[in-house]
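Below sits a lone chain in structure tokens, taken as the form predicted alone.
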Amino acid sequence: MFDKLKEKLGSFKRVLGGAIEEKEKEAIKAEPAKAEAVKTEAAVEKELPKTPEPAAKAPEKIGIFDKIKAAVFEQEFIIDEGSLKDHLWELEIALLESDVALPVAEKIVESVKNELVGSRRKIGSDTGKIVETAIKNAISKVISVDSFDFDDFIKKAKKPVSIVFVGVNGTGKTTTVAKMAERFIAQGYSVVIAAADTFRAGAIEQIDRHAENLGVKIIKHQEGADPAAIVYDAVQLAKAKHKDIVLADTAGRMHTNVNLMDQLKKVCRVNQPDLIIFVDEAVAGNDAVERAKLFNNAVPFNGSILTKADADSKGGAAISISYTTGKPILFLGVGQTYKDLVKFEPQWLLARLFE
């Protein structure tokens, strides 16, 4: 998962770390006087008469080479922009090749630059660690756009909690609804599914099979029925039967399909869901980022779920969507079974990129 991006970041860390080490060597060459001063001081001390002290109080003797070593490693050097410029450009290219959106790549590079350029570093510092920390901090900033805690929200919200899933067709939205149902059931919640995708042939049968597998109540009408009415009926049933969660599966659509977008707006207007979640494929990269932005403009959502993250070697969508939409990634789909859904945490992603 995210192997290509991890490889590119690792390569960049080594290259930029090497550039900083070259700057360190220049600093050592440019300031030999300090070491010479230590030598002179040591020679003078050697000529001075020594007053013997009691053995119990004798200080530990420090040799001349220890003093020279200490003098060198107490030195600091400043990382300047000139030594990093070309390498920062290489970082931006590496991010773009990993499907990180251009504004996000620029933000990461600018953040790395601001952290490193002009900073004072002790000679002998771990340059690889310095670079890794700067990149980690930069990526963390763009993926930590919201402190929204999904599980805490569900726990505290008035029941039933109504959740509508939106997105383009073919991204695994229906399967994601089933995975979310499985997750809620495991947490002790009762679930109702609204089969509100009445547009795609076979969609009702597909979600019906999932509901049967999970032992979940499903509300469905005939093909072509009004999705807003189906979601409404599901919510009313949940209220009457004291169910906790309503999950509404809607038809996949492109933002350019005016009729279907109007239909989706009606679903949300009539039912006023507690949460709207956008679903797309992690492997779609920049396409997923762009679609998320356009969907968010049309039907503002609360967060995203990225499917097929286990097949995504680049990782660009996972890094870019939060920053682009201002909404958090909530979960990642990482396999085919109902349990293959992981809660997204920034530290979880950083650990996989730098472990």
Ligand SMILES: Nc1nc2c(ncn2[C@@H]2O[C@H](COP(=O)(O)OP(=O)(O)O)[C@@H](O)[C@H]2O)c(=O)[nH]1
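Everything numeric in this text was worked out from a predicted model, so none of it was measured. We number the residues from 1 along the sequence you see.
Form predicted in complex with this ligand: not shown, discussed below.
Pick the stretch from 262-270, 171-179, 235-243, 87-95 whose residues have a heavy atom within 4.5 Å of this ligand in the model of the complex.
Answer to the contact question: 171-179.
Pick from Thr133, Ser140, Ser111, Gln206: which has a non-hydrogen atom within 4.5 Å of this ligand in the model of the complex?
Contact with this ligand in the model of the complex is made by Gln206 alone.
Here the chain is shown alone; which of Gly10, Gly18, Gly335, Pro346 has a heavy atom within 4.5 Å of this ligand in the model of the complex?
When this ligand is considered in the model of the complex, the option within 4.5 Å is Gly335.
Counting only non-hydrogen atoms and a 4.5 angstroms cut-off, does Lys293 reach this ligand in the model of the complex?
No.
Ser304 near this ligand in the model of the complex, any heavy atom under 4.5 Å?
No, no contact at 4.5 Å.
Using 4.5 Å between non-hydrogen atoms, is Asp287 touching this ligand in the model of the complex?
Result no; Asp287 lies far from this ligand in the model of the complex.
Stretch 302-326 - residues with a heavy atom within 4.5 Å of this ligand in the model of the complex
If the 4.5 Å heavy-atom criterion is applied to this ligand in the model of the complex, 302-326 yields Thr307, Lys308, Asp310.
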